[in-house]
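Form predicted on its own, single chain, as structure tokens, below.
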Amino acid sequence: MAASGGGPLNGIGFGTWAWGNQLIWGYEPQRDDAVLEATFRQALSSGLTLVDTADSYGTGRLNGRSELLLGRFTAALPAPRRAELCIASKLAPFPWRLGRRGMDRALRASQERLQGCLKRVQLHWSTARYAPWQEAALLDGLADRVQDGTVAELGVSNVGPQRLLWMHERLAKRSVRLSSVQVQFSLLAPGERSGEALVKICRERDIEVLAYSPLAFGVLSQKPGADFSTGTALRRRIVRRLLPASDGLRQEMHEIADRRSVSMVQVALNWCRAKGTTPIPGLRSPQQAQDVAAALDWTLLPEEVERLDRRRERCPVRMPANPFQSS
């Protein structure tokens, strides 16, 4: 992709997939909740006010945990601070959520867990690949909730260029604005061409592109030659596959970070911003929140973006594609 040209760079938000996820991130309530609250407060103090979550975040008995924690943390804020937040939650189009009212109960449950602080509802993934008949009714139902004032904004997730155009046109006929589309986007994400096309479409239609997994499970924060040995077994298996293949790319990132006196995390996030997206890295500590927010203080030069692009093209292995991503 070419670097984005002209206009201000996008901001940065943060994601909360790890808040309740034991399978990938090893979450434990007694150990982690106080740290996550401190992380939330640090993120807000650092200027990160876009927060992404989902009704399906949290494994097993902890399903919905991310929303519960965000609701608890948000309720403790003064009213002016709450007003600064844009909490965006995704509702999963499970097979039993059918028809135009299929998401109503899930939306009410999310609003309850978030204690009313839900600004943007998002369709978590497209059903175009396996149940296209389900999607139109669900999208129409979410648009109804925007029009009746139940929620202020509407977004979608894991949608490719073709499906995005269809969704945008369908909503536009009802004068419902599509605020954002969320896709996997990073230096190690699959599908450069579809990503480039998606960003172009969104730029022309004033749709924000939210880049999830911008650090590729943390791989892009690892210095060249790193031997990743922490985290859950599933995360280690994914990361160890990507580390050797991305060593040259991470070497380039490290050199840029060293010259700039910044972190590799900030380099990865500013590459996403240079491409016209708003990265939403997951946060699990106050230190991570500070590091992520510091990426807002500087930008990559065009030649630095080009060097990263060239290195990226040589990577033989990429992050796994989301199985629900539509074309």
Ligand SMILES: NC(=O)c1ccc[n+]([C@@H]2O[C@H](COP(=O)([O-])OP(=O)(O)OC[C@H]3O[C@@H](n4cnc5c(N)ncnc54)[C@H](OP(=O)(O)O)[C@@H]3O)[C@@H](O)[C@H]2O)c1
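Treat the numbers as computed from the prediction; the structure is a model and nothing was measured. So that there is no doubt, residue numbering starts at 1 and follows the sequence shown.
Although not depicted, the form predicted in complex with this ligand is the subject of the following passage.
Interface residue remark: residue 221 is counted as part of the site for this ligand in the predicted complex, having a heavy atom within 4.5 Å. Contact between residue 216 and this ligand in the predicted complex is found at the 4.5 Å heavy atom cutoff. Although the partner is absent here, residue 40 sits far enough away that none of its heavy atoms falls within 4.5 Å of this ligand in the predicted complex. Taking the partner from elsewhere, residue 280 is found to have a heavy atom lying within 4.5 Å of this ligand in the predicted complex. You can rule out all but one of 298 to 306, 285 to 293, 30 to 38, 254 to 262: in the predicted complex, only 285 to 293 has residues with a heavy atom within 4.5 Å of this ligand. The contact with this ligand in the predicted complex, taken as any heavy atom within 4.5 Å, belongs to 124 out of 163, 119, 170, 124.
Contacts between stretch 44 to 72 and this ligand, counted in the predicted complex as any heavy atom lying within 4.5 Å, involve 52, 57, listed in sequence order.
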